[in-house]
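Okay, here we've got a single chain as C-alpha cells, the form predicted alone, with questions on binding and movement later.
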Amino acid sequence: MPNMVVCVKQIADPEAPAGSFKVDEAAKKVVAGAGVSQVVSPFDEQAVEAALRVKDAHGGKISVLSLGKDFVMDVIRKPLAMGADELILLQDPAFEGADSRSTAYALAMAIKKIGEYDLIFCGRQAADWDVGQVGLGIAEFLGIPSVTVAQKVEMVDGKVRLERVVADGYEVIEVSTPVLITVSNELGEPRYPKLKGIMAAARKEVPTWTAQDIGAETSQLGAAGARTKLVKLFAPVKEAKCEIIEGESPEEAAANLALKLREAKLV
C-alpha cells in the first residue's frame, strides 16, 4: 500500500471578479477585497483527487501538507473531508517572503520529517501566481524523479503508469517510486466532500510545524532563501481610442477609412 503526500495551497478564490483584487505597487502584493473567500487552489484539489483514486484502488495513506499563514480551517481541512488521512500545516514567520525555491525547500524538509513516501502529488501550478515551479523544486531537493502535467495516474505491477499531457494528446510514462507528480486539470473534477467526511475532518487534530520542527536551515527559508526578486508588480493600463469615419456616401466613408488606415500604416 503506497504512502502518499499531497502539497496544497490556500489562495484567494481565482473565480472572484477581477475588480475584487487590487495591486499594492509599493508592497508588491495583490490584495483581495473583503468579499473574496479563501479556497484550496483548484489544481491542488485535483492532486488530492489523484491520490484518492490511487488509494481507492490500492489502499495506502495520504498526508496533506500546506505552507502558509492565516489559514481558514474550514477551507484547508477540505482535503481531509475528501478522504485524506492527515493534514499538517507549516506556519512560521521564517517561511514568509518565500519564492518557489524556498517554498520547495521547506516542503521537502517537511516530507523528510513525515518519513516514508512513495508518491508525492502537487497541482501543476498554483492558481494565484501560476508559476508551476514548486513541485519540481521539491523533487530536486529530495533527489527523486518527477513527472509533470499528469492527467491519469495508476499503479501497475509495483510501478506508476501515467498519462502526461502534451500539445497534441498525451504520452504514457512508467516510472518507479518514489516519484513526484504534478497533476493537471485534465484529470477531471475532484470529488465533492460528503457530510460524513466533513464531520470527520472537523474532529481531526491538525498539527502545525515550524522551521525548527522540520529541521530546516533558516538561511534557506522564506525571503532569506529566495533566489528571485520581484522588481515591480502592476496592473497594465489599457487604453482605447475610437474615431468615427464619416462621408457623404458609403463610398466616400470607405475611401476615408482607407486613407486613415494607410496613415496609421495598417494597410
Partner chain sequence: MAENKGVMVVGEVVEGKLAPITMELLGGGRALADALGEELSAVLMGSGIAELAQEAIAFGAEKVYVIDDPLLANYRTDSYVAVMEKVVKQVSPNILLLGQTAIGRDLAPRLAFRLDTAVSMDCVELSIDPESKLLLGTRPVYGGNARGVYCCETRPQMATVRSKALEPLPRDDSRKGEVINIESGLDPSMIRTEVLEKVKEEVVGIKLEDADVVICGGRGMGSAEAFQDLEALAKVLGGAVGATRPPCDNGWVPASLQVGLTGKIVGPTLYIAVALSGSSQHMSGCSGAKNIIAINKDPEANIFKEARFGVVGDYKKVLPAFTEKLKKLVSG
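Residue numbers count along the first chain shown, from 1. As the structure is a prediction and not an experimental result, all values here were calculated from the model.
This next part talks about the form predicted in complex with its partner chain, which is not shown.
- Proximity of residue 147 to its partner chain in the predicted bound form falls within the 4.5 Å heavy atom cutoff.
- Residue 37 falls outside the set of residues with a heavy atom inside 4.5 Å of its partner chain in the predicted bound form.
- The closest non-hydrogen atom of residue 96 lies beyond 4.5 Å of its partner chain in the predicted bound form.
- Though the partner is left out of this view, residue 80 does not reach within 4.5 Å of its partner chain in the predicted bound form, counting heavy atoms only.
- Note on contacts: among 227, 204, 58, 69, the single residue with a heavy atom within 4.5 Å of its partner chain in the predicted bound form is 227.
- With the partner omitted here, the residue from 75, 155, 89, 173 that has a non-hydrogen atom within 4.5 angstroms of its partner chain in the predicted bound form is 173.
- Only one segment in the set 126-134, 81-89, 111-119, 193-201 has any non-hydrogen atom within 4.5 angstroms of its partner chain in the predicted bound form, and it is 126-134.
- Along 239-267, a non-hydrogen atom within 4.5 Å of its partner chain in the predicted bound form is carried by 240, 241, 242, 243, 244, 245, 250, 251, 253, 254, 255, 257, 258, 259, 260, 261, 262, 264, 266, 267, in order along the sequence.
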